[in-house]
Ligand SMILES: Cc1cc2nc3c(=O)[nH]c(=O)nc-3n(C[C@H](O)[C@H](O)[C@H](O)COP(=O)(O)OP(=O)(O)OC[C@H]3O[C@@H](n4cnc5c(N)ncnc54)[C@H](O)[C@@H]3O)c2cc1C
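Next comes just one chain, in structure tokens: the form predicted alone.
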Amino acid sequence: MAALEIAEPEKLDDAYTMLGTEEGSIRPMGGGTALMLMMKAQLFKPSKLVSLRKIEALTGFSLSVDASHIRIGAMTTFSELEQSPMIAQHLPVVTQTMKTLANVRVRNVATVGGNLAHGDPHLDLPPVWSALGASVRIVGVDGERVVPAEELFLGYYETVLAQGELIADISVPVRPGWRFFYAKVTTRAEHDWPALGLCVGVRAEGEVIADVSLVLSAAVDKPTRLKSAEAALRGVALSDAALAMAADAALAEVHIEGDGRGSAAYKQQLLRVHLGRAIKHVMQGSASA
């Protein structure tokens, strides 16, 4: 077995300097949950891992002075989010999502940044961040840039991150008047990966859907905004007819992919059913802002 070097820099610039090389076998490591599985399966054989666990600049989360957004460090663990009163108050859909996300052992180790950088479309949090309108701050040897969470993903295990770049943190807006809900549909145990994931956000004015945010995952190759479905719902009163039109629009704008958790036809039906259910759930006040 080839030797594996593990570096543990304490400064952010040291980390991306180590990673800023043409050698593709050098990779950053957050919690390591997905990376270790890929290594065990011989899908990836790194020569060097750059652990980010000692870099304080990547940890913690805080509410902005004007309470308009929450900054979450890339090395924040899922358990820290799950147990945070601040997250429960301002981003309750994140707390809700944690209830069926993997298991306690994984949540104790997995990190926000690593989860995003992995680029797996079956993961639960990426569609939530996208629906919430979060932005991702990326740093590297050439400086930093900020991209919307929904634009981070390019396809299966593909992101816009270049060699030598790291996710530093995400900024999530606090959106008064909005209610969000994550619908996780799985054919197996509730903590398993979803056959379909759907995050729904609605700003209602009585029975009218004044604004809406819809992001689909698991049934597509990356978390995907359902823009046509949003347009079909925006400004209309809640009704079965409106929901049916939105479902038709959603199915027309995305390519649903089958896998071991269900055929494409099965997932299309899941989207049709659960889009309506999730919007009704939110409109009836069962989800929190």
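Numbers follow the displayed sequence, beginning with 1. Since the model is a prediction, treat every value here as computed from it, not as a measurement.
Beyond what is shown, the protein has a form predicted together with the named molecule; the following relates to that form.
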Only one of Ala88, Ala102, Ala204, Val174 gets a heavy atom within 4.5 Å of the named molecule in the predicted complex. Which one?
Ala102
Under a 4.5 angstroms heavy atom criterion, identify the one residue in Leu238, Val254, Ala57, Met29 near the named molecule in the predicted complex.
Met29
Partner-proximal stretch of 161 to 169, 142 to 150, 195 to 203, 210 to 218 relative to the named molecule in the predicted complex, 4.5 angstroms, heavy atom:
161 to 169
Is the gap between Thr111 and the named molecule in the predicted complex 4.5 Å or less for some heavy atom pair?
yes
How about Val185 - does it come within 4.5 Å of the named molecule in the predicted complex, if we only consider non-hydrogen atoms?
no
Any non-hydrogen atom of Leu37 within 4.5 angstroms of the named molecule in the predicted complex
yes
Quick one: is Asn115 in contact with the named molecule in the predicted complex, heavy atoms, 4.5 Å cut-off?
yes
Mind listing which residues of 65 to 79 have a heavy atom within 4.5 Å of the named molecule in the predicted complex?
Ala74, Phe78
